[in-house]
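In structure tokens, one chain follows: the form predicted alone.
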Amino acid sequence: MIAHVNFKSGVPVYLQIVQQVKAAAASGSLRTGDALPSVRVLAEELRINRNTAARAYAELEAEGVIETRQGAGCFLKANGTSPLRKAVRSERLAEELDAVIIQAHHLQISDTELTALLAERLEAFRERQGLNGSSRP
């Protein structure tokens, strides 16, 4: 599930873990109900502090990506169960999109090229999810 962390990337380790779990869920390599490694096991595998692993899991739980079952561990939750209000989810996504737009500007990617690339990536995502041709709200 979590391949590695890059200590030199400038991205906090716990956020790298959060991003990798979300990517695994989006790609289908993690499915609803799948167990995640315990905090201790994750920390040992990645050679990180247990508090860092616990912080990543706490962030994932706060975002509604995983759920913790007392005595059983952490599991991937079903899609659409985010506890965040739609406005908060939209705001978080807008921040990410702003960063992409800035990056595209610096790479001299035109608005048309960026829009086409987004459409291409959405289509690739749908194909991986088995949603080819369907539109999501």
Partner chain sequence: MSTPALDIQDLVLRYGRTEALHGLSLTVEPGQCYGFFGRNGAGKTTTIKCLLNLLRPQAGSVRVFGLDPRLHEAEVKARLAYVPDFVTFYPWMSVREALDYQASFRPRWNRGLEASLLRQFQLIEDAPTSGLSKGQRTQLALVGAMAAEPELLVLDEPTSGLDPLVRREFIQTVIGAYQDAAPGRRTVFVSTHLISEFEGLIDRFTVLDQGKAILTADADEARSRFRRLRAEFAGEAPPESDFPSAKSVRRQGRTLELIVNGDGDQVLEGLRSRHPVQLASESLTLEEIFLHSVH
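Residue numbers count along the first chain shown, from 1. Treat the numbers as computed from the prediction; the structure is a model and nothing was measured.
Beyond the structure shown, there is the form predicted in complex with the partner chain, which is absent from this document and is the topic of what follows.
Taking non-hydrogen atoms only, R47 approaches the partner chain to within 4.5 angstroms in the predicted complex.
In the predicted complex, no heavy atom of R69 sits within 4.5 Å of the partner chain.
The closest heavy atom approach of V13 to the partner chain in the predicted complex falls within 4.5 Å.
Within 4.5 Å of any heavy atom of the partner chain in the predicted complex lies no heavy atom of R89. When you look in the predicted complex, the only residue of T32, N51, S110, S27 with a non-hydrogen atom within 4.5 Å of the partner chain is N51. Though the partner chain is absent from this view, in the predicted complex it lies within 4.5 Å of a heavy atom of just one residue from S9, Q129, Q19, T115, which is S9.
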